[in-house]
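The chain below stands alone and is given in structure tokens; this is the form predicted alone.
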Amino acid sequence: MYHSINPTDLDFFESLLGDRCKYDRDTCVAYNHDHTEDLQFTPSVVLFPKSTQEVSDILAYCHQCNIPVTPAGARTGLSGGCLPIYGGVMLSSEKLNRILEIDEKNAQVITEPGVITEVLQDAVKAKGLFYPPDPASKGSCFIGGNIAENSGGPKAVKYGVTKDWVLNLEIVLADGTIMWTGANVVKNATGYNLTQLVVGSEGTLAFVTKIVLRLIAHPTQTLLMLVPFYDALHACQAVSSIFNAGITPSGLEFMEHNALKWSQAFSQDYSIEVKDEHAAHLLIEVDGFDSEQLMKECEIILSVLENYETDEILFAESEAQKNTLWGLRRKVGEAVKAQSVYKEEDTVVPRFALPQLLETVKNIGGKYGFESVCYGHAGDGNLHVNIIKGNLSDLFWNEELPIAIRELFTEVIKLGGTISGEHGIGLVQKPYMDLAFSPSGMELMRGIKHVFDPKGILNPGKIF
């Protein structure tokens, strides 16, 4: 179907990029995976453009020659979104790594896609501004990857996900056409919303080269508490009760017992006591500008928690302790990966259905004989279900487990949810898309893909 890269193609890429064209074995192997399970697909060449025009020239050539192109950022994804399953070109955004302008007057930032999310956050924070979306991998993931996956993170419960902060995008289409998708304004009712169409499209529609994000004033105060529960279902039930009491936390995270214990072992940080009888924890944060108001919100949260059986609640007494608590939460994913090969299912349901979702996960695990470790953004109803391979056979892992996952996703849909909250579909979730969309919905999305990329060279084999 696709043209295999030959010496003539490599000569063209080298003439354009020089030593930023890499096709040695070591480089190609280093770029043949992301953080998805143990999957590996090796590209024929890895290209590192430094400008929009270079991206345009590369895509125009690949379009003409029918060469598959896999856009890639920091490769921290969990759905196989940047795995080059057809080989060809891996097009990296690593050298497109400049923050171009922080517009304090309009509370906006213009950035290239290869900027690390936390670096961007720190840069605008130095100006008193705030970019809230903060995936667990914010210290390593790129803002361009966040655009591709419509990433969320703990702050999404109060501030929304990536799409809620994107004003405008400069993109390069599959044939090399350069265009902007919108305007740098907070209101825009001009034609179809191409900006939001590209956000979350997983690199299948265009390559993003510039990003305009809106910002807000950075909160000056935070309060953080860790709440141990003796019953994990009670922890899930408490979540909707907090919102029903009129409180919207800036973070509301759920961690099963093993999630927190494994994170402690991975981090070698045991400063927080986790008892054997603690079935789960909620990590709850409120933020704002008035410390007295935040204390009142915490008092309301505590009054809600009195309705549930909890152990002693830990209030973070210092910035160092806050960083410890958040560090343990953010490292859960890495900790699970260090334990075993695993599959992470990014389930999401309406907030009130979270207890039913957790119960469903455990029941299906019992039925099929697999262990799961669950954690996630409870305030969003977003539960990350980590299925541990451990001593399970390859036969079960490859043939029976997909049946169990389909059963899980079927129940998620029945609960009013869907199969991915923030990790995307990519390679590993595409067999289940028929559960989330009707045939006509799938056909409509395929039609959109064809309009943007008629030859199907951009991130082929993903989503559909």
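Start at 1 with the first residue shown and count on from there. None of the values given here were measured: they were computed from a predicted structure.
Just so it is clear, the following notes concern the form predicted in complex with a further copy of the same chain, a form of the same protein that is not shown.
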Worksheet entry | Full three-residue contact with a further copy of the same chain in the model of the complex, heavy atom 4.5 Å, for N258, E399 and I403 | no
Practice prompt. Using heavy atoms only and a 4.5 Å cut-off, determine which of G191, G390, G327, G366 is in contact with a further copy of the same chain in the model of the complex.
Written response: G191
Item to complete: Go through T360, T76, Q121, Q108 and name the one with a heavy atom inside 4.5 Å of a further copy of the same chain in the model of the complex.
Response: Q108
Discussion item. Taking 4.5 angstroms as the heavy atom distance cut-off, pick the stretch from 434-442, 28-36, 41-49, 55-63 that is near a further copy of the same chain in the model of the complex.
Written reply: 434-442
Fill in: Residue contact check: E104 to a further copy of the same chain in the model of the complex, 4.5 Å heavy atom
yes
Practice prompt. Report yes if any heavy atom of D380 sits within 4.5 Å of a heavy atom of a further copy of the same chain in the model of the complex; otherwise report no.
Written response: yes
Discussion item. I'd like to know whether M179 contacts a further copy of the same chain in the model of the complex, with contact meaning heavy atoms within 4.5 angstroms.
Written reply: yes
Fill in: Contact of G139 with a further copy of the same chain in the model of the complex (heavy atom, 4.5 Å)
no
Worksheet item: Can you name the residues of 402-429 that have a non-hydrogen atom within 4.5 angstroms of a further copy of the same chain in the model of the complex?
Response: G416, G417, T418, I419, S420, G421, E422, H423, G424, I425
